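Only one chain is shown below, in C-alpha cells, and it's the form predicted on its own.
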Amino acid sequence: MARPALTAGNRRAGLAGAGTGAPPPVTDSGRRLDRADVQGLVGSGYGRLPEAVFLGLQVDDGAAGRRLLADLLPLVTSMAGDRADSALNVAVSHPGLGRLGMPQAALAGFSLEFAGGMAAPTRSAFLGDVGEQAPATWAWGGPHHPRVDLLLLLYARSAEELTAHRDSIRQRFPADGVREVVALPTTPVSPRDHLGFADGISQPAVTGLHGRSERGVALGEFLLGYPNAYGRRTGRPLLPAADDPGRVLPPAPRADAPDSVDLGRDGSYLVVRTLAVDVDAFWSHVHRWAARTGLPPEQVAAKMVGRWPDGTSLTVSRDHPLGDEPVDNDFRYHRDGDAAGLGCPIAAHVRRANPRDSLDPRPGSDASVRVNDRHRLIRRGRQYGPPPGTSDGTGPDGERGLHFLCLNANLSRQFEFVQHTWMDNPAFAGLHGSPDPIAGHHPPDGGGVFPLPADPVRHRLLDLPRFLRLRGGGYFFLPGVRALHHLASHPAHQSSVRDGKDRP
C-alpha cells in the first residue's frame, strides 16, 4: 500500500491570510545556509563566464537517466564551488522526476503549477500564452515537441572552452535511454540587451544568501525549506526517513513532519522562457511617436522601458542619462517624488516588474515595499542571436532574443503573479487598456496603449505592436546538491515505479 504523501503545507505556506488554521511563523535561529548544497545559479548569474549553452534531455529509461545524473554530479557547481573556468547546473521537470523514479507520493509534494507545466492549457491562458504565443507555435517545450526531462545549464569563460565543456558533457550521455532534444545557444554576456538598454540592475538583495544579515528579501522566497516573506516555509516535498536509506537528504523540521527528510530543501523553481525580440519594430515605433510628440527618440524609448539606456532610472534623472556616474538603484517611486509617473511612467516596463513602494497599503511606506518583496524574482537570463544590425543568426530562424530564466520558491505568487497581474494586466495601478509596453500581451491588431504622463499635457502612444514573441519554455526544479545525489543513487522505488517508463 502506498504511503500517504508528505508535504509541507503546499497551499497555505505561501499565502497571506491563510485563515485561522494557518501555522504560526517559523524560526530558523542558528540554521545557516549550506552553500555546498545550493546550486551556483542561485547565488550568481555566472557573469565571469560569458559563454553558455542550455541542453534539454529526454529520459526514456530511468536507470540510464540516474546513471547519467550520477556521472554528472562531480561536475555540478555549487555556491561553495571554486572559481573554475566552467560551470554546470542541473534542473529537472516534473515528468523528468517521475522518469528518474520518484514515487507519486513525492511528486505530489511539488506545487500544482510545477506539476501542471507551463504549456498546460490553463497555465497558458493565465500567462497570456495564446494565439501566436500559444505552446503549439513554440520552437521547443510545446505539445508537439519531445519532452525536456533534464535541463543542463553549461557556462564557460570562452567559446572554445564552452565547446570543450559541452562536448565533454555530451560524451557522458548513455548510448540508449537518454537523448538530447534541444540545444539553446546564447551569445556572450553583454552589458546591454538587444534593445540597447543596460540589464540585470535591479536584482533583489536576499537575506542570508551571501552571508548578509541586514534586511533583504527573505531567503525562503527563493529557496525551499526556509522562512519566506510571511515567516512560513513554502510547500515542498518531504519523504519518510525510511525512503532515504543512504541518509543523503537533510532532516525535515519536526514541526513540518516528524521522522521525515527534506527533498526540497535548498532547491528552487526555475522558469525558462525563450523570447524572440523584434528590435526593428521597437525602434520603428519609437521613432514614429518621437516625431508625433516632439520628444527625442531615446527619451520615448526610455519612457517605455523605465530607464535610460545606461541604466539610470527616470525617477532619479527625468531629462537625461547620468552617463559615467554609478547607477543609483536605491530609490523609490513615491518616496522620491514620482508618484504620478512624471519621471518613470506608471505603465513602464521596469516599474511594473518591480513597483517598489507603489503598492497598497500606504504607497511610499515600508509596508508597501514589504508587499512588493513577496513577488520578487532572481533573474538569470542570457541573450541569444546576432547583435542588431547583423544577420548571422545563432537562434531559431536567425532570430535574436532572450532566454529568460528566473528563480523563485512559489511559482504562483511570484513569477505567475508578476506576469499575469503586473505585466499583462491592462488595468495595472488604475490604468486602462495598457499592458506592459515591452513584455505585455498586446492585441494582435496593435491595440495597446502606453500613457505617458507629462505636465501640462500628457501623451498617449497608441497601437503598440508586440515586440516579444514566446518561442518556448518550461518549469523546472533546481534541486539542492544532496537532492541530486538522492535522485541519482536511490534504487528508484522499484516496487512502485518501474524506472518511470510507464509515466506519461
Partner chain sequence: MPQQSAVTVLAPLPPENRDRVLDALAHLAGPGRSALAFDRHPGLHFARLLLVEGGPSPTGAEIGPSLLYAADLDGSAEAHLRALADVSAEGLDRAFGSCTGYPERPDPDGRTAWLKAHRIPEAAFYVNTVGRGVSQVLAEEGLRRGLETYLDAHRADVAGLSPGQIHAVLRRHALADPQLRFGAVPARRPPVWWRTRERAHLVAVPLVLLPVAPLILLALPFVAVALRLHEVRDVPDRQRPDPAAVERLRAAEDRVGQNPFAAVGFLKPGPFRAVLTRVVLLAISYAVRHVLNRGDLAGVKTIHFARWVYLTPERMVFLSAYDGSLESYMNDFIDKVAWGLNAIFSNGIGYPPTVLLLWRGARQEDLFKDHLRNHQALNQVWWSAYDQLTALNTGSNAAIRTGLARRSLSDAEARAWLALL
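Residue numbers count along the first chain shown, from 1. Bear in mind that the values here come from a model prediction, so they are computed numbers and not experimental data.
The form predicted in complex with the partner chain exists for this protein as well; it is not shown, and the discussion that follows is about that form.
Task: Interface stretch in the predicted bound form with the partner chain - options 111-119, 147-155, 275-283, 131-139, non-hydrogen atom within 4.5 Å - done: Single hit among the candidates: 111-119.
Open item on the list: Taking the partner chain as it sits in the predicted bound form, is Phe331 in contact with it (heavy atom to heavy atom, 4.5 Å or less)?
Closed with: Phe331 lies outside the contact set for the partner chain.
- [ ] May I ask you to check whether Thr163 falls inside a 4.5 Å heavy atom distance of the partner chain in the predicted bound form?
- [x] Output for Thr163 is no: heavy atoms all beyond 4.5 Å of the partner chain.
Open item on the list: How about Ala242 - does it come within 4.5 Å of the partner chain in the predicted bound form, if we only consider non-hydrogen atoms?
Closed with: Output for Ala242 is no: heavy atoms all beyond 4.5 Å of the partner chain.
TODO: State yes or no: in the predicted bound form, is some non-hydrogen atom of His420 no more than 4.5 angstroms from a non-hydrogen atom of the partner chain?
DONE: Yes, contact at 4.5 Å.
Open item on the list: By the heavy atom within 4.5 Å rule, which residue out of Arg400, His349, His375, Arg356 makes contact with the partner chain in the predicted bound form?
Closed with: When the partner chain is considered in the predicted bound form, the option within 4.5 Å is His375.
Task: Contact residue in the predicted bound form, from Ala159, Ala175, Ala291, Ala427 (heavy atom within 4.5 Å of the partner chain) - done: Checking each option against the partner chain in the predicted bound form, the one that comes within 4.5 Å is Ala427.
Task: Sequence-ordered residues of 299-323 touching the partner chain in the predicted bound form, heavy atom within 4.5 Å - done: Contacting residues: none.
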